[in-house]
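Before any questions on binding or motion, here is one chain by itself as structure tokens, the form predicted on its own.
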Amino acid sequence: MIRNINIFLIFASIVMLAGVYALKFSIEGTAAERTALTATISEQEGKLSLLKADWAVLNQPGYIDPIVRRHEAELEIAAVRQEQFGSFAALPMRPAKPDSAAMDALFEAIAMGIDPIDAILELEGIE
């Protein structure tokens, strides 16, 4: 009986040992993958930083202005003039002021208890 238990324990130990080795190599593979990803991210951050610096240089007006002047005729572009934005004279006039006498009459009628909607309905012949 003890012999069978010892054989079982030896097999169990061998299986557990194989499991631990498999886990160890799996973790080493994951760590190597993580290290490679970290290096890739670092490299891409360096490239992004370089691209941001290039973009900042290329967006400076001192760099863009000579290019625009060089291609001004081909692109048919010109500097914006004030006339393109319109003038105050082109703005529409304010709407006319409301008829204050009619509004006062309306409020007096309402204050006296006359419903102006009923008066309109009576004129239209609607009950």
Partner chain sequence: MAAATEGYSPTIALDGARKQRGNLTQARIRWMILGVVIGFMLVGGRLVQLGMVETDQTIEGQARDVITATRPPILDRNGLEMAVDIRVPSLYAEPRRIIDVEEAVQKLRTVLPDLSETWLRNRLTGDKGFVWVQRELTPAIQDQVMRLGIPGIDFITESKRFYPAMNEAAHILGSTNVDNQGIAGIERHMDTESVALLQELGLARGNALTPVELSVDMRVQHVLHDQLVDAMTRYQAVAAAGVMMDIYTGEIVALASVPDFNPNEPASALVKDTFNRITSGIFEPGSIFKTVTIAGALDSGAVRATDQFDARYGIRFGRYTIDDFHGKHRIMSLSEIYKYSSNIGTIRIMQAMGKDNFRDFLGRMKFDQRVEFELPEMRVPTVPKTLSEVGAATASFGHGLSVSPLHMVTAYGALVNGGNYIAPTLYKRSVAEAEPLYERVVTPQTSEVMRYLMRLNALEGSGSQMNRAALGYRAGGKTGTAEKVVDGRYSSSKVTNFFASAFPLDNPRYAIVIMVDEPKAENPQSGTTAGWNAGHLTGRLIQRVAPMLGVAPDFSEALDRQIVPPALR
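Numbering follows the first chain given and starts at 1. These numbers were taken from a predicted model, which means no experiment stands behind them.
The following text describes the form predicted together with the partner chain, which does not appear among the structures shown.
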Worksheet item: If you check in the predicted complex, is G46 within 4.5 Å of the partner chain, heavy atoms only?
Response: yes
Item to complete: Although the partner chain is absent from this view, report whether R69 comes within 4.5 Å of it in the predicted complex, heavy atoms only.
Response: yes
Discussion item. Quick check on R81: any heavy atom within 4.5 Å of the partner chain in the predicted complex?
Written reply: yes
Worksheet item: So, in the predicted complex, is P61 in contact with the partner chain at a 4.5 angstroms heavy atom limit?
Response: yes
Worksheet item: Looking at A101, A73, A32, V57, which has any heavy atom no more than 4.5 Å from the partner chain in the predicted complex?
Response: V57
Fill in: The unique member of I27, L91, L37, L50 whose heavy atoms fall within 4.5 Å of the partner chain in the predicted complex
L50
Worksheet, complete the sentence: Contact check, 1-33 vs the partner chain in the predicted complex, heavy atom within 4.5 Å, ordered by sequence, gives none
